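What follows is one chain in structure tokens, specifically the form predicted on its own.
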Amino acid sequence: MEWQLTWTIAQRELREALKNKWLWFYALAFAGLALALSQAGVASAGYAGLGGFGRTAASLINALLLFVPLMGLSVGAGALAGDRERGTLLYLLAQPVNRAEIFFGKALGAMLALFAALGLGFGFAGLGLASSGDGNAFAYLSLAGYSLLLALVSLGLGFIISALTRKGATAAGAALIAWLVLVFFGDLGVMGAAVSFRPTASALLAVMLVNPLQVFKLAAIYNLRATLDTLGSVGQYADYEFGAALPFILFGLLATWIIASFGIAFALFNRRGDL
């Protein structure tokens, strides 16, 4: 695999992704919400002893759980399916490039576009916090880092959808369904399991760790508080069982999701005899 060819394809994919109006719609919506949350958190900093940064970061986690997967899935779902539908993918494969260079070039370009969109949101939120002189730079940057990991997981899942579909509209619909399952049924599933089956703390934690969004939530909360006691018995069990190794375990789980999702997507793309 030649890096120059991969980078050329990545640049093309970056330009195409940056033309996606939905990506910028989600990015601007997240940026506006992040700025509003930062200002609201600062404004309430004097009430009940609650710090502005803590309130902003906690609110941002909930916003990130909605916006980041939606952005990643939508960009990834259109990366291969859109080119396949337009015939561009057939043209690329007719050139002296292999499937690995095409796939990873498109993945790299989509990653850069997604990072640019997320950078807009975090930039606005950071400006809101910086203007008030309130904040924790290390915790904020750590939250941004975990968000990028979640974005890559979502992008990889979007590429799996894109590798399996022939039309962009079909891929977009499947991405929306996947987002609904991950976001809404993830939380509802955990609550439903807790109410219906009354599992042990270890079993409920295992259910949470299956969903990458829940892994991100655990990592983000731990990053802010250095403990998960706010999650009740599940958080206390996780703290007791894993201790200081917990953030490394959560990071490793997100990294595993990234490697597995892109690996599966490439295997599906590489095995297709038709386009």
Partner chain sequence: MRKSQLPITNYQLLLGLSLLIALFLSACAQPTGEPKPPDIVYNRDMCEACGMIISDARFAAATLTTDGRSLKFDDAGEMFGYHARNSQVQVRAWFVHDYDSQKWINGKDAFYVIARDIKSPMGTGVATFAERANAETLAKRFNVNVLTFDQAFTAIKEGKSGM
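Since the model is a prediction, treat every value here as computed from it, not as a measurement. Positions refer to the first chain, counted from 1.
The same protein also has a form predicted in complex with its partner chain, omitted here; what follows describes it.
**Q** Do residue 240 and its partner chain come within 4.5 Å of each other in the predicted complex, heavy atoms counted?
**A** Heavy-atom contact with its partner chain at 4.5 Å: present for residue 240.
**Q** Is there a heavy atom of residue 176 no more than 4.5 Å from a heavy atom of its partner chain in the predicted complex?
**A** Judged by the heavy-atom cut-off of 4.5 Å, residue 176 is well away from its partner chain in the predicted complex.
**Q** Evaluate residue 28 for contact with its partner chain in the predicted complex, applying a 4.5 angstroms cut-off between non-hydrogen atoms, and reply yes or no.
**A** Answer no; every heavy atom of residue 28 is more than 4.5 Å from its partner chain in the predicted complex.
**Q** With heavy atoms only and a cut-off of 4.5 Å, decide whether residue 186 touches its partner chain in the predicted complex.
**A** Answer yes; at least one heavy atom of residue 186 falls within 4.5 Å of its partner chain in the predicted complex.
**Q** What residues in 168-182 sit within 4.5 Å of its partner chain in the predicted complex, counting heavy atoms only?
**A** Contacting residues: 170, 174, 177, 181, 182.
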